[in-house]
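For reference, the chain that follows is the form predicted alone, supplied as structure tokens.
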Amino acid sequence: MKRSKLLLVLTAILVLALSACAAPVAPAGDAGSSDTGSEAAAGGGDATCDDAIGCIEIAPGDPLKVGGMLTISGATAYLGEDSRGGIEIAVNERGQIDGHDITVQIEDSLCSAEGGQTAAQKLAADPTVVGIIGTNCSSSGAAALPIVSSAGMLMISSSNTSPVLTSADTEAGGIWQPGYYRTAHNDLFQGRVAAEFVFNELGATTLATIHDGSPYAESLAAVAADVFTELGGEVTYQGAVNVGDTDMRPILTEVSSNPPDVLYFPFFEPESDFMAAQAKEITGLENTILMSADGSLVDSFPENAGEAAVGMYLSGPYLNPENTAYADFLAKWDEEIGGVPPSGFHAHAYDATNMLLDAVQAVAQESSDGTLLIGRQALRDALTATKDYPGLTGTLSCNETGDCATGEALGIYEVTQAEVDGNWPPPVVYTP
């Protein structure tokens, strides 16, 4: 892959003393407030920190460091590589901020709570990280969030979609904390779109759902089932498998006792590969339509699932390739990285990175010696105040709990034989 324009910093570098930042980091629950991140002292031109939760200090000649918590190994590495490409293109375009180069430090958050926790601990230990793009998976995001928030940092996810991450209603399971944002859609929207497509477009009257126990899949399956019922459909089965399961026949046999028109299983590879392939082996499910979601919207899924994937539907991000800005982005991807993006959230990562860098540029204050001070609360405030941002994924406006996407960049794809034979992406058959 062509990454000569970008320095990827894979290990922690020298931690800079934050002597100029007198204010301590506030606890996670204290959002604080700040009109400016830092101010120049009268007459002297030297920056001083008066931010409510402290400042990031970038010494003269040192780079601005963007952190990344991405799944870059294992079965879900395609998600991390997809987001990493979007980050790299945005950073390459930006070049510098106030004379400082921009580097990226990627930590592997996997697609698990343990991975998210470990990645967050590594990045939170470095006070020079201006912000984090990630995580990819909601399970790792949920584990990373308390660490990032309590450190006074912020994270912007390109593909976390679980509703709990941007919900402050703890009685309803919400886990939002200050410093969390996302450019990905909320599954309250994706689940509704899936259910409406199944009921209104496919004419289905019965639906079965299976999730894998992750916050992402469980929330998405529940929303789809609830909306399908609201529309007048019948949910015949709701069940779960475990991440790592390979034999899906027992639960598929349970489903087949009352065969649904549609079986919805919104989870990742490789479990989705096994589910799709084995569903067609079960007597009673021959005519059941299979549907998954953006966790399986990846170029390897049709090939791995085989002929059983033909005719399947996948919900997920959609951007019209005739959109000039997106077409330019894809051309840069081919030039700088090669080929086409492997999954659907690359543009969301590009938007997230640009929103972060815009916020840094807006609040950074430069001392007479070239040192930059970036107020942590000021940075959060600038992101929260984002309105009508013209992103690749649509017009983005952030609410008070970090939901910035409108949901307009979403579609339903139908897998054809061409994708099983190795082509990508599948055709879009429905947009809300």
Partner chain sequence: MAASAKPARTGFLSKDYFERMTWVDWVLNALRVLILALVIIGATNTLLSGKYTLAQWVSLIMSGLAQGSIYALIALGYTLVYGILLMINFAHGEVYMAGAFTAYFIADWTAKSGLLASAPVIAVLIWVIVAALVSMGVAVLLERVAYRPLRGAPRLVPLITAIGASFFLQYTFRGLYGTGFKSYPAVPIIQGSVAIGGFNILIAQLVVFFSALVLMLALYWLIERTKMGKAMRAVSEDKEVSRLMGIDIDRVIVFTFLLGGALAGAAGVINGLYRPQGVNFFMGFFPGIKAFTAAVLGGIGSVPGAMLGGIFLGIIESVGPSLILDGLGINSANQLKDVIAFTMLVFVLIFRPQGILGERLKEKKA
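Every value quoted in this text rests on a predicted model; they were computed, and no experiment measured them. Numbering follows the first chain given and starts at 1.
Although it is not shown, the form predicted together with the partner chain is what the next lines describe.
Taken together, 65, 336 and 340 are entirely out of contact with the partner chain in the predicted complex: none brings a heavy atom within 4.5 Å.
Considering the partner chain in the predicted complex, the lone stretch of 182-190, 89-97, 311-319, 206-214 in range is 206-214 [heavy atom distance within 4.5 Å]. The listed set 77, 330, 231, 235 contains one residue whose heavy atoms approach the partner chain in the predicted complex to within 4.5 Å, identified as 77. A heavy atom within 4.5 Å of the partner chain in the predicted complex is found for exactly one of 305, 132, 262, 347: 305. Using a 4.5 Å cutoff between non-hydrogen atoms, residue 103 does not count as a contact of the partner chain in the predicted complex. Shown alone here, residue 254 lies within 4.5 Å of the partner chain in the predicted complex, counting heavy atoms only.
In the predicted complex, the partner chain sits within 4.5 Å of a heavy atom belonging to residue 244.
Contact check for residue 199: no non-hydrogen atom falls within 4.5 Å of the partner chain in the predicted complex. Annotation for 164-178: no interface residues with the partner chain in the predicted complex [heavy atom within 4.5 Å].
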